[in-house]
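First, one chain by itself in structure tokens, the form predicted alone.
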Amino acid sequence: MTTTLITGGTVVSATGRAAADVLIDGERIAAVLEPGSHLLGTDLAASVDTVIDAAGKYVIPGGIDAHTHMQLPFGGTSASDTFETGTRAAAWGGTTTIIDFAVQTYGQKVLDGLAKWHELAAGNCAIDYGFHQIIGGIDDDSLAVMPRLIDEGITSFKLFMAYPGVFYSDDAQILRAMQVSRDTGLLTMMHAENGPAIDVLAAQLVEQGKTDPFYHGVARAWQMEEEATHRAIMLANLTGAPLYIVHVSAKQAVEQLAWARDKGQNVFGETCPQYLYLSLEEQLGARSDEWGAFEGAKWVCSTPLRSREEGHQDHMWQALRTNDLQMVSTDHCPFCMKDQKELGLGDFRKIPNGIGSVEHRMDLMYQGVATGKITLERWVELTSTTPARMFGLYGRKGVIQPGADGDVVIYDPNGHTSIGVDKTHHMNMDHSAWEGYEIDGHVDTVLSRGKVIVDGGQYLGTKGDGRYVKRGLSQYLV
């Protein structure tokens, strides 16, 4: 087995920071030691295979992006990142584990959908991966098979209150699925938007000739998110099911989560970088010689971007500080402008929904540290430790301690990262939602299960480095 010693760095956890050396033996962390320590009288630096100098840098657990959609079929096309390209980009950005969504569509068997996702991912991933299960058709058969997901290492499932005719579940279906959640410990994940009402608003806007990408966000008004979030909370309250709301973008939805949590309900929520940095006003103002007003399609996602004038972005940062929101994922679902986003030219309803961010999440969240919006420890907690605990991976992932996987990122706070297609962009996209963003920090070295896969501006990993990780039940519930 290969041994690696990371020396001279500051090890950062969710609860503090300290100067320490990290010894990795094979795929696991063997020890966290005082700087320059000897182990059983042995000079470690002289006895290990590799020494990595982390002086002046942070040593953190590898990032966990708990919400990605590689190769997701949507809107007549599929997400442009494959498991190979998407996980390689994630590695470049300091993410060492993703949890993607296996898909069951209407008329399909749940386990058939899962098998398809295993087929897509196996042997292709650069980093470790797990799955949530999308239940796109709630019926007696799917309800009966859901408990079996736990044996497959899948302990969370996602429902949609949006996208009628595609993934949508009505309240009766949601109630039945939440009863299974209550009885098994499976965590219910919810896309909370009032889809039928949104479809009416969208159709009315198109009839008025308002077809530009900006109107995607107008149709998906914050009231639609707040109402659905409250409804999901009440159904979870009734059934006793734990609930996790994905990609929260509206401050009013956060208020619903805070209200439920203050009453002691097992309700959790995530937000995404786009809801912290981007806005509806900037989408409206986006113009280019090639695309004109359709330039705004680059930022079409669901839930949509929100108005900066209404204070949604500042409220998201506040919620992360106060723990009204518990973590940050990406909802990475990239589509190119050519041949994909342009399907919605003349009708925003046909634009594939999604933004590519898996490569930039760790950097974008570190910028929040640099600007004083969150602490260094909270950065690690939001991007690694809480995802590990929320989705049954903690102890193996999300922490630097003996016995944990050797998933380690060495981050230079004195470095700099310029984001753009021709700069740090490795995702399979022809544009970047983050073009021109400047980050006061840099991912220098990434280790996945003890193997250095990114170092010195070079990718050293290989296709298939990543393995499927079975997850336990949420460690916030058991």
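Throughout, we count residues from 1 along the sequence that is shown. All figures in this text were calculated on a predicted structure; none of them were measured in a lab.
Form predicted in complex with ligand DUC: not shown, discussed below.
With the distance limit set at 4.5 angstroms and only heavy atoms considered, check whether 361, 366 and 434 all reach ligand DUC in the predicted complex. The answer is no: none of the three residues contacts the partner (heavy atom, 4.5 Å cut-off).
Contact segment among 226-234, 352-360, 173-181, 147-155, judged by heavy atoms lying within 4.5 Å of ligand DUC in the predicted complex: Correct option: 352-360.
Can you tell me if residue 399 lies within 4.5 angstroms of ligand DUC in the predicted complex, counting non-hydrogen atoms only? So residue 399 does not count as contacting ligand DUC.
Within a 4.5 Å heavy atom cut-off, is residue 198 in contact with ligand DUC in the predicted complex? Answer no; every heavy atom of residue 198 is more than 4.5 Å from ligand DUC in the predicted complex.
Examine residue 247 and determine whether its closest non-hydrogen atom to ligand DUC in the predicted complex is within 4.5 angstroms. Residue 247: contacts ligand DUC in the predicted complex.
Using heavy atoms and a 4.5 Å limit, would one call residue 69 a contact residue for ligand DUC in the predicted complex? Yes, residue 69 sits close enough to ligand DUC in the predicted complex that at least one of its heavy atoms falls within 4.5 Å.
Could you check which residue among 88, 306, 298, 191 gets a heavy atom within 4.5 Å of ligand DUC in the predicted complex? It is 191 that has a heavy atom within 4.5 Å of the partner.
Contact assignment for ligand DUC in the predicted complex, among 326, 283, 302, 80, heavy atom within 4.5 Å: By the 4.5 Å criterion, the partner-contacting residue is 302.
Using a 4.5 Å cut-off on heavy atoms, what residues in 158-172 are near ligand DUC in the predicted complex? Contacting residues: 158, 160, 163.
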